[in-house]
Ligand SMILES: Cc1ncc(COP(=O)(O)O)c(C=O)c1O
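Read the single chain below, which is given as structure tokens and is the form predicted on its own.
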Amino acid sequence: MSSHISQDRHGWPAALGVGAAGGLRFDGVDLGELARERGTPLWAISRATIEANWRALDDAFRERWPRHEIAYSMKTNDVLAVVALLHGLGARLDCSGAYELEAAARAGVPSSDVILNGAGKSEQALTLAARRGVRQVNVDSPDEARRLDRIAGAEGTRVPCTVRVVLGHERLLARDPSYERSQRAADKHGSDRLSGQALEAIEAVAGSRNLDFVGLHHHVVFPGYLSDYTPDRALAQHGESARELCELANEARRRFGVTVDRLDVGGGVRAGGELLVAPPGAPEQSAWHRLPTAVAFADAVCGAIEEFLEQDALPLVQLESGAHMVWDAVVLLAAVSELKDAARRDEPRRRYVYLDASTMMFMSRGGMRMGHPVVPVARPLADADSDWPVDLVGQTCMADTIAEGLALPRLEPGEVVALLHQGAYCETLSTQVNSIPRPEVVLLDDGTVTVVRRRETLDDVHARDSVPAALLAGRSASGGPPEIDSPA
């Protein structure tokens, strides 16, 4: 039976607890009352949890490497209130493409605090970066360096650049062959070290007229998404990546006389707490993992830099952390709509519990193998009905299993459950399949509730549609008028 269940408080952030009346509370807010007042499905964000996650990572690196900075990776959760909150704490912003550059401005983040990232950057994105004066561009290829140099010349500006690198990971793959799946998924980002493309990109930036070479960048893919996750493997991946990045920096200094002032070690960090890795369709493989501490990550990265970087001046260590900041800071509240028991001959019996939410609201469930622990809001510590393993499912006409093989108390229609760990790559990857509007998002702050993204309506879902009048006025293939149902 799967360990998605929550009665033992696996995966609970510090701000989540049981109130005096026995119901679930998050950041001082009774989640049952919140669901009744605001409706379901509903995403609820804990400000206290985001702030605690930020402090843990920032303090760990400040103690180990005072010259550091953290950029929040906006793609992880792009609710502008979250972006503004983290920027107010001291984060810079990691943006991919022109649209996120514009969104960052709407959140009040100045361009001087923005890092432009991503592969295949458009002319629009590069022009905005040059024109507005971003903190740096992580250049993805030699061709991009030449394009940006031309654009910066036309704009009359200079652009600080790091070169994003695809590392070889020979030593890492010898220790952990499963990481190849993660590496292949990220191969489109950056210039390849083994082929010599990375050195070509460094030379293109260093030899340009309008770009300033400031350092190197590599992003570690979080191993829980595709690889075989263990805490030791996660630390090894970060330490080995920092080592190989330093070795490339040494080679670039010898060849081109450049010094690395910024060493951007990217993201892929999840530190502190417990993570549920749950491959879809295989509940027996679900497993909880105690995440490494932020201090352990800082030691792994900074220790490698101290050992392998051959230059006197210590670089600015940059991180582009997204999931660490928000992964456990958001819950999705959903209500039970129906129960259906299945007891086929010669097969284990199973109870299907239908929710008004859907995995289409958090595609990370399938694509990233992330599990979302389940807590009954009114009875968070109730005993499970051991006779009936539960599959939580959505109402869409899709493969829509939210969690499977659970040990839960018997849930009744109208009862609300909280799905934990909804902060990273959930809302940003949500869809509107079956024309289902996406949920409201609220920010919880020590008992207060603020709507930070309103609930979508059917008008929002189909706002871009236009049905030609001739189609509405025409006749159906059978000769009768077309039948068009309008929802109430």
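A quick note: this is a predicted structure, and the numbers were derived from the prediction, not measured. For every residue, the number given is its place in the sequence shown, counted from 1.
Separately, the form predicted in complex with the named molecule exists; it is not shown, and the next lines address it.
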{"item": "4.5 angstroms heavy atom contact with the named molecule in the predicted complex for residue 54", "value": "no"}
{"item": "Contact flag, residue 75 vs the named molecule in the predicted complex, heavy atom cut 4.5 Å", "value": "yes"}
{"item": "Contact test in the predicted complex: residue 164 vs the named molecule, heavy atoms, 4.5 Å", "value": "yes"}
{"item": "In the predicted complex, residue 425 touching the named molecule (heavy atom, 4.5 Å)", "value": "yes"}
{"item": "Which of 333 to 341, 81 to 89, 211 to 219, 401 to 409 lines the interface with the named molecule in the predicted complex (heavy atom within 4.5 Å)", "value": "211 to 219"}
{"item": "Candidate from 272, 373, 394, 267 lying within 4.5 Å of the named molecule in the predicted complex - any heavy atom", "value": "267"}
{"item": "One residue of 380, 190, 322, 239 in contact with the named molecule, assessed in the predicted complex (non-hydrogen atom, 4.5 angstroms)", "value": "322"}
{"item": "Residues in 84 to 121 with any heavy atom within 4.5 Å of the named molecule in the predicted complex", "value": "94, 117"}
